[in-house]
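One chain follows as structure tokens, the form predicted on its own.
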């Protein structure tokens, strides 16, 4: 059997993978896009809360928008709360499955070949690139050759593991569901914080409209998410009275850390590259940015037939230039967050309730760039520095 040769093989047809595949195929290269599941976009592992800039980055229309969010309510275990929002729409709740399908369709329109129910199980060096072993759902295996292999296959990337690039950064174990919650406000997100509730992470509800919400919770210290969910319901019983789930799903969130995301003939993007916000676990926007940059660099490398680590390194440098400072700030904030006790969350909600801070938060709040907001707030309220001077005593205010 003759081994099929491709210019690029992309593992994973999520937003990042499809964007890379379409971008490479647009350059006239033969691209194979793989999706291990039978259905694009499923199973769903995403809360789907994004900013309008995410749709702009993806190049998709607002038809995928299910709801608009105008504010957020944050709750501490004591019951103390903080309301944010000035009435303007700052975030969108999207149909994540529709987003995935739109980006896959565009990749195909640009010439990428799609194989469903197929995954990468091994890769080895070969003359001119890599020999990649693929496997379908019937366990049948075969190999293809490629000059460039792109791992966009999620938190447990097989591409990264096969080539010794798996990241050792922090991971959050999460549980999410969708269902009906009586009395929920149609345009406000709820966030539940507290070390006793969801250690190292938080819980949330996101309104879809019509009384339906997405609910999620996670843990950063090994506590099972189902236990966090029980604590959430026990701590805030009135707010979850009448909750009826339609389905549940679980997943791993690989928080950002400095890691290797290119080597000869290989690039990682999206969750596989750890391009996930350290503060919220959001990965759609940073993954799309990474995919755009990876496609640009990959096209140039393939055109020169110089698919080396040195050539591909222009991609992580460009990503760092666009998002590096924000992610470093986010990592700093993460270190502060995991150090907080329940009483600290109470105090923080009280400090943020100050009128000047609320005005600043409502004016400059941006879920894609929370570090920028906190940078402003620390200067407005020196009391905030009390919470960060211990965990971040060696960090200049603010890098």
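These numbers come from a predicted model, not from an experiment. Positions refer to the first chain, counted from 1.
The form predicted in complex with a small molecule exists for this protein as well; it is not shown, and the discussion that follows is about that form.
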### Query
With the partner left out here, if you bring back the small molecule in the predicted bound form, are 203, 278 and 333 all within 4.5 Å of it by some heavy atom?
no
### Query
Exactly one stretch in 224-232, 258-266, 322-330, 149-157 has heavy atoms within 4.5 Å of the small molecule in the predicted bound form; which is it?
149-157
### Query
Is there a heavy atom of residue 301 no more than 4.5 Å from a heavy atom of the small molecule in the predicted bound form?
no
### Query
Even though the small molecule is not shown here, does residue 47 get within 4.5 Å of it in the predicted bound form, heavy atoms only?
yes
### Message
Does any part of residue 120 reach within 4.5 Å of the small molecule in the predicted bound form? Heavy atoms only, please.
### Response
yes
### 4.5 Å heavy atom contact, residue 194 to the small molecule in the predicted bound form
no
### Query
in the predicted bound form, which of the listed residues (85, 251, 207, 129) lies with a heavy atom within 4.5 Å of the small molecule?
251
